[in-house]
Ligand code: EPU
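A lone chain, given as structure tokens: the form predicted on its own.
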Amino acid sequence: MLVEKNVPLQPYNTFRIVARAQTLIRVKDEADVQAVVADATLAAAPKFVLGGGSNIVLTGDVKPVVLKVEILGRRLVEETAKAWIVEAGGGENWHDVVAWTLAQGWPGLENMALIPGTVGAAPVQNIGAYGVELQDRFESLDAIDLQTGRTFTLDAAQCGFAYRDSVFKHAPTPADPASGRPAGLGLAGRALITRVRLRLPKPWKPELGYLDLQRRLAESGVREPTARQIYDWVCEIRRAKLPDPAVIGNAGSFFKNPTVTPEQCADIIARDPGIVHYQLADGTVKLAAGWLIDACGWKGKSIGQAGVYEKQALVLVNRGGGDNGATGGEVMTLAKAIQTSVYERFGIRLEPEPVVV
């Protein structure tokens, strides 16, 4: 275990916000985490698990011990008549794993191409894009308890997946004998995900429910696209809409797409017929947060060095560079101003996706 002090975090967050970690430990395997737990000083300190840094906003230097997950490895665990089960280390780049599975002839992740971040962070956020979420392809994961150093395995039900949510984003809740409520499982700040296993189903079938993909299908004239074609379309669509974090600092989609009742949606449509919306299986309606923000006139606007991307209002960007870039405070001031505008016009509260540190 190597303990580093006063480490710059600008290279490790895709917003490229200037900040430092007072203490940083690179986690290459489970033994590194167990060494942290065995160290009296480190064990008592608060922890912050860092993956690819693509879903965080740093508002200052990080005082908790930063555990930077760098566990690598990819393998086919099992192939059955119904699925391929593949495993990847928590530190693997998510998009690289998507491309690798397709190259091996194991389709199923193509709709989630180019989502930034690491494999270990994917279950925390229950990442998803173009009609497919991680929970749709999830088998199980391994993690380490940061308090005891013990390893454990969770299946999909135990992860408590919901839209951009999981058990890893919630603190545990105590039991309430008076109401009969049992203790709630929450693993926020308690676990570090080391490996994730994915179930890629056989036979494969394309997921083409989103409008952008339907347009590509119509333009191509292809009646039965392959997984590789869908992968290419998704990459083209995302590159056209979203800025490359290596060029313009950003954390991808900054707000969750809100869900409303059919009645709420009908009310909004009566006032704004062009609103982009999707009917969900449970009867609710998902609204496009980017459309709501754009309708409030925020596209291209800035507060300080933090701005709203000109091609996609759902993305907040760092317009500066180096030490003169946006601060976490500027990003959050802009985000709160957008939330206020959307609520005042539509009565909808937008919820940020990134973790604010």
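Sequential numbering from 1, following the sequence displayed. Note that the coordinates shown come from a computational prediction; the quantities given were computed from them, not determined experimentally.
This protein has a second form, the form predicted in complex with the ligand, left out of what is shown; the following refers to that one.
- Looking at Lys241, you'd find a heavy atom of it within 4.5 angstroms of the ligand in the predicted complex.
- Shown alone here, Val77 lies farther than 4.5 Å from the ligand in the predicted complex, counting heavy atoms only.
- In the predicted complex, the ligand sits within 4.5 Å of a heavy atom belonging to Asp212.
- In the predicted complex, the ligand lies within 4.5 Å of some heavy atom of Ser253.
- Scanning Leu314, Val57, Val49, Val317 against the ligand in the predicted complex with a 4.5 Å heavy atom cut-off leaves one residue, Leu314.
- Arg164 is the sole member of Arg197, Lys169, Arg164, Arg190 with a non-hydrogen atom within 4.5 Å of the ligand in the predicted complex.
- Remark: of stretches 292 to 300, 322 to 330, 65 to 73, 38 to 46, the one touching the ligand in the predicted complex is 292 to 300 (heavy atom within 4.5 Å).
- Using a 4.5 Å cut-off to the ligand in the predicted complex, not one of Trp100, Leu109 and Tyr231 places a heavy atom inside that distance.
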